[in-house]
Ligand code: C5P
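Let's start with one chain on its own, the form predicted alone, as structure tokens.
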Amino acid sequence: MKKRENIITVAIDSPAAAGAGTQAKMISKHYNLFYLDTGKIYRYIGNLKIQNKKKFSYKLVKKKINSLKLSNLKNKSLLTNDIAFSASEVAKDKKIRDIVHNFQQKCAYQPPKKYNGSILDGRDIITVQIKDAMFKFFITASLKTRAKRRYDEYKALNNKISYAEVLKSLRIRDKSDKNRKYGPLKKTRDSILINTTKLSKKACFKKIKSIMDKKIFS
């Protein structure tokens, strides 16, 4: 794939609800980068599978991804426990991952010209999608902290689910993300670890910004 030259590329991997999405948005806004939440793509496909149980196919997925608009990924209805589980299941399928991979590569290496580059977050961004990213971060937090954050998100959306259910769901999802055959979640030796358990959003961003500024403006 032809790549735009002299652009900033940022890759973030993280387990669910670690705060990667929040940081990615803040980084995107500050450095004027095109942002793609890759987890939302799998939620979109996971929901597609739920809504089309009998007609779900690779052909349908490819058709939908090829015509996908980023506005489709901002739908808050995608933030449910059932869709999260379905997303984790479809993410294990190599054929689906290959379809999504092409879409993600285009976003990463050919962002619209009005942007200075791109930032993607997900589970295999560093290990598969943008191996040569200028910046690589692995953002994490304790399981209980992540469960509390996700529970609060669901509660704000009037999603009736208990903290215990969210905790159990994240534990299962972590296991699935780390042990799947294709694109498993893992920290690489060349990625920078950021633990957000005891960090505020602002403090975390300042830490990341300091790292990026040092390289960009050196």
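Please read these numbers as outputs of a predicted model, since none were measured by experiment. The first residue of the sequence shown is number 1, and the count goes up from there.
Beyond the structure shown, there is the form predicted in complex with the named molecule, which is absent from this document and is the topic of what follows.
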In contact with the named molecule in the predicted complex (heavy atoms, 4.5 Å), from 64-72, 37-45, 50-58, 189-197, is stretch 37-45
Answer yes if any heavy atom of S118 is within 4.5 Å of a heavy atom of the named molecule in the predicted complex; otherwise answer no.
no
In the predicted complex, is there a heavy atom of the named molecule that lies within 4.5 Å of any heavy atom of R173, even though the partner is absent here?
yes
Give a yes or no for A91: in the predicted complex, does one of its heavy atoms lie within 4.5 Å of a heavy atom belonging to the named molecule?
yes
Even though the named molecule is not shown here, does A87 get within 4.5 Å of it in the predicted complex, heavy atoms only?
yes
Which residues, if any, of 177-200 lie within 4.5 Å of the named molecule in the predicted complex when only heavy atoms count?
D177, R180
